[in-house]
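Single chain ahead, written as structure tokens, the form predicted on its own.
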């Protein structure tokens, strides 16, 4: 088979061209792109799909997983008609009803997320091309990776080989996002299911952009290349040597930080300065330089860390950066340098000024910070400024001038109005802790440290302007000093060889599932819950994958032997292993792994063959995403990319504030009918997986749901018995009885776990259970081998 790939541009020039009919002198012909044929898979039905190309697949999913809306507000205020009341089936001036409005808001959120990732990818690719050239090869795993860009192959139908090839893919992403966003304008889409279909499209585009961004930086910046033994690195504030100058980097775009590390290495300053990171820039810094880059913690640690007074210079790039860090930097006499045109922080653009002049301006206090777009200049200015500033700030580090008497005096100002508690998303008992602190007992204040998500809303609400987070920090000083952990830096993609090894067991169900803990750190009850869930499923020999801030949280707790889960479990993509793929954009390797199972193990064609691959994943691959602290629009778009592939996502208690779920109705038998691809008959397979988007209120509820959502229609009896063992075991552990819906998941007697057989058989008889057929399942009528009739 052949494929068409675009190459170019091509230029032809000549001094003279003569034919019998005409002559040309000193001419040049430029051809933008050349099409060259190359052997590959046959082209599938949906290359570069438009916003409606996969609509039929989306409608199949949305017929089964119906949107449930929980609107914050009954009004729409997006146009000059003013406030339109959409309650009780009313329609607005444009004709839109509440379901349409709610799904429109979800689409806007996902467009924001997809646009953010796409813009990030564009910035990365352009800067890397500028530095390494358009012909720099894509290499994310050497001999271990043949399917280097599974999502791009699946969606676009092309196989990128160089950085330059990635630009064409981003062109497509940007066009699709513009189309999707235009659909939210007044007088465009009106049907909520078609809005939801576009939400899925935004998510799919988001995953393409994620993949482009990460394969570009892995290839050009020499990050770990699909390495299960990626280095163990330092995590936690306690690992920072505060006697040295400290540069703090926060955001998602690692390019400016690479300038800092290169400057340090080029000037033999390694070991003389600390470079620490928060959020995804931290992961990618450690992937660029495991020796120099240290991780402070997840996104929520921004205020907490700055209030320690430790950072001398704060570098902000893009995404998830707290927007008032310039004020926070001023409070501790630190310098802030902004590096992204998406996040200028009101600072003067000093990109074209001499680096030494910029440093002098910053040190002399003339300006609180600077905006610098040049990578090398960011490195030089940040390092020189930090080294000059650190000796003057040393006494400010670790809680500037704050003695315990100061905590008492501040706590005594608390009027016990509890405005802070009403503002706190986790309802922390701050006023209660302040009362104890005013009497010199800081234990209650310290106990809040693990549960605070660092949003700062308590301080904004406090009528006394108390620095509540700083007080928590001071009360938890000993805890902070002991924050010394080890975690495995992001390994990148899953090897093709690993897929070959485990693909069969995943599809048959004998590996009970692949669980991905991803997303932000907006935890309702602290990060320990994430660690407890991860450990539970590692012990049960699921494959556990992690990324972003969740991957950091997993490394922030130790067992009785003083080891983190990263030190305790191997990093292979295999049963009972813990795989850290990297930053948020590395989520593409998780969806990519599911796609590669269909391609490498099951030999399904990948190229522009989205519906068949998604149908395969939905019915055969027991994968579940868990975004326990999901917070942002990016988290929404990442989740929607998984939904279109048929991978369910569970969010934690705060996730219900997305105000829309995708829930199956297990009691509706018709919703769970599939085609048997061998006979064409429609067969009931039970509610597998039961939901696409589900919010759990407790970690116990989540763990039971995770085990349940890993069941798939294609499970063999042996695989289903293993999955049922975990589901029943967890359900009984937390609820004390057998699950009422158990008969829906037992198809034949061989599905029943041997160790529970007598009890379950008796239970099934009571419920009037009947044996069911195990089909070769598909939701796509065109995939039936023997046609009906």
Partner chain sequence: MAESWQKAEVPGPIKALLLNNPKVVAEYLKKANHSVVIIGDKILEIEKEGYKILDLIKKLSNKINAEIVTSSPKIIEEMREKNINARIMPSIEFIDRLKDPNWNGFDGKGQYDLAIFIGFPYYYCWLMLSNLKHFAYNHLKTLSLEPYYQPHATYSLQNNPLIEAWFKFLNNVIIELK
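Residue numbers count along the first chain shown, from 1. Keep in mind the model is a prediction, meaning the values are calculated, not measured.
Another form, the form predicted in complex with the partner chain, is not on view; read the next lines as being about it.
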*Stretch in contact in the predicted bound form with the partner chain, which is absent here, among 146-154, 304-312, 290-298, 654-662 (heavy atoms within 4.5 Å)*: 654-662
*Select from the listed residues 371, 423, 181, 387 the one whose heavy atoms reach within 4.5 Å of the partner chain in the predicted bound form.*
423
*asked:* Between 344, 367, 73, 93, only one gets a heavy atom within 4.5 angstroms of the partner chain in the predicted bound form; which residue is that?
replied: 73
*Partner contact for residue 196 in the predicted bound form: the partner chain, 4.5 angstroms, heavy atom*: no
_4.5 Å heavy atom contact, residue 88 to the partner chain in the predicted bound form_ = yes
_4.5 Å heavy atom contact, residue 267 to the partner chain in the predicted bound form_ = no
*asked:* Can you work out whether residue 667 and the partner chain are in contact in the predicted bound form, taking contact to mean some heavy atom pair no more than 4.5 Å apart?
replied: yes
*Can you name the residues of 699-731 that have a heavy atom within 4.5 Å of the partner chain in the predicted bound form?*
700, 701, 705, 731
